[in-house]
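The chain below stands alone, shown as structure tokens; this is the form predicted alone.
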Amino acid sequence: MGIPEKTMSLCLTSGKLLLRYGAETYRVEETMYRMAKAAGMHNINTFVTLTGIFLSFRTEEEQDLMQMIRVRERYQDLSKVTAVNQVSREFTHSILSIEEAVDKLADIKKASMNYPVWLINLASGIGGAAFSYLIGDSFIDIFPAFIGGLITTLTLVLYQKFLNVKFFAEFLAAVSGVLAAVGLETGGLVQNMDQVVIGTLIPLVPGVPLTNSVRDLMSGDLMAGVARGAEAAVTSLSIAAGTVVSLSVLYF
């Protein structure tokens, strides 16, 4: 494999990791452009959507290369986005060779999350409990909101292992979390049901996609911005639908 082909593979791998783990579209395009330029390529063009990456450039021998890859899975792990950005900076400043950069990207891909799963689940429950207190100002309902948020996060991870449809998994997680809140309310442990339901659903709120949607729109990437906004909207509808289904058990 020659230098142009290695450069193409390096740039696409970097872009795929960035897009998969929550980076904005403009960041993915700029990173690939800078890495290809640092490798001596010119006439570089990048185009990124939520599900695909396109890259083309001209080599020093005036040969045109173009390739695209699909991105089928997306997660939220900004620590890996930071790590890929660091590899990109080191490569563009000639600190890393192509081979060294490829090895570092492989290590980033294989690396586990910075925090254990139990800590993430615990933090989701605490976040839901804290947010519910800010909304409802009822100290007694903090614990039910914590339980609901924890169940929501646990069931979301469980459903995503067996379901290929992201939005359906979020719908079922909302159903499970709110049903837990309904159960606690039936047991007399809840005073303000609205506060507990809000805290239960906080872990599902699509904060990163919504933020990236706004940033993409502000940077002029209208297609990616609208697509991310639509993703956040469908997630919100899934959460709302799950909430309605669950509360119907209590009130109908």
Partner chain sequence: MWLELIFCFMSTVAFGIIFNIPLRLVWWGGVIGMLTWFIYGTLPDLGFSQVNAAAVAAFTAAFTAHRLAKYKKVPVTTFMIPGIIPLVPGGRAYESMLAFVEENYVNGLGLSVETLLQAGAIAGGIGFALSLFTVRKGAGQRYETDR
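Residue numbers count along the first chain shown, from 1. None of the values given here were measured: they were computed from a predicted structure.
One more form of this protein should be noted, the form predicted together with the partner chain, which is absent from this view; the next part is about it.
- The contact residue chosen from L184, I44, V208, I69 relative to the partner chain in the model of the complex is V208, the criterion being a non-hydrogen atom within 4.5 angstroms.
- The single contact residue among I198, V28, I53, A36, judged by any heavy atom lying within 4.5 Å of the partner chain in the model of the complex, is I198.
- The partner chain is not shown here, but in the model of the complex it comes within 4.5 Å of a heavy atom of Y133.
- Within this chain, N85 lines the site of the partner chain in the model of the complex, having a heavy atom no more than 4.5 Å away.
- Taking non-hydrogen atoms only, G225 never approaches the partner chain to within 4.5 angstroms in the model of the complex.
- Taking non-hydrogen atoms only, D137 approaches the partner chain to within 4.5 angstroms in the model of the complex.
- Judged against the partner chain in the model of the complex with a 4.5 angstroms heavy atom cut-off, the residues R89, N212 and L247 are in contact without exception.
- Residues M218, S219 are the members of 216 to 238 with a non-hydrogen atom no more than 4.5 angstroms from the partner chain in the model of the complex.
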